[in-house]
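So this first bit is one chain, no partners, the form predicted on its own, shown in structure tokens.
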């Protein structure tokens, strides 16, 4: 198996890349397309595409997966390259070992002669002035040689105020790409892929429930999937949504709660139609457009699935709802229309805030 040569101790033991973390097994969605494409480009042309590449996003969204995927892809296509994947914490520990054992030359030779350096969680360099100093010089030497550097953090470079400014400025030299929490469709795709990997037989109704309830991260989705399967197994029953309701609590939202009824009311008021028009079968242009917008906002601003939205809009088929959603998404390419939708979102958030002040 291809490995990246980093070390757990000063004795330079091999530190393996996780073979299962590949681009093929990374579920792509709207929230990670830029980051994924950038990582693929880096793997295809190390040191030439984006250097450095800085990924940021909350815990459990796939940053580590993408770093390993870069390493795995490079070693698959260019096995002669020397790749190191390491966490910032391990980098700091190795530096301390090297100083104590008078092996700094060996430490620097290891990290400053690699072809690709992948460092995870650089925000953990906080309050480690000596480690930041060493990373600064390592970064400079690798960059001058045209070697690839990829870094990850839980926040963008400009929010790493606890790190040296000269180090943070270098993080901005290349491409900075964020990873957002997955939307409903991506969450459902992740759950289907994970269930298949684990050999779990779960119906779409169960997977849809999990996708609706768990919105924060890929890691949380996987945990919920395991929990649901284990609970059903312990109960000796086939997993069903009603059986899992009590073990899959709704994650707390960071924004005031919005519901479909509120969205329908606001859209109806804004476009001078009635709520019954939105729920009805009228194909009059202004009614149909208002209906499509309301459906789009219901999907974007609530955790409701397409089937649930269809029920709320006159028991429409979920494929009809998906068509309306995609149609509005396409129209958002027009700046004026996009501005109009953003105004509507702000009005809806204001209504929700007024109902549920913090």
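Positions refer to the first chain, counted from 1. As the structure is a computational prediction, the values presented were derived from the model and not from experiment.
Beyond the structure shown, there is the form predicted together with a small molecule, which is absent from this document and is the topic of what follows.
- Of the candidates 325, 26, 50, 306, 26 is the one whose heavy atoms come within 4.5 Å of the small molecule in the predicted bound form; the others do not.
- When the small molecule is considered in the predicted bound form, only one residue from 112, 166, 270, 219 comes within 4.5 Å through any heavy atom, namely 219.
- Residues of just one listed stretch (311-319, 55-63, 325-333, 285-293) have heavy atoms within 4.5 Å of the small molecule in the predicted bound form: 55-63.
- Contact check for residue 190: a heavy atom falls within 4.5 Å of the small molecule in the predicted bound form.
- Taking the partner from elsewhere, residue 213 is found to have every heavy atom lying beyond 4.5 Å of the small molecule in the predicted bound form.
- Shown alone here, residue 194 lies within 4.5 Å of the small molecule in the predicted bound form, counting heavy atoms only.
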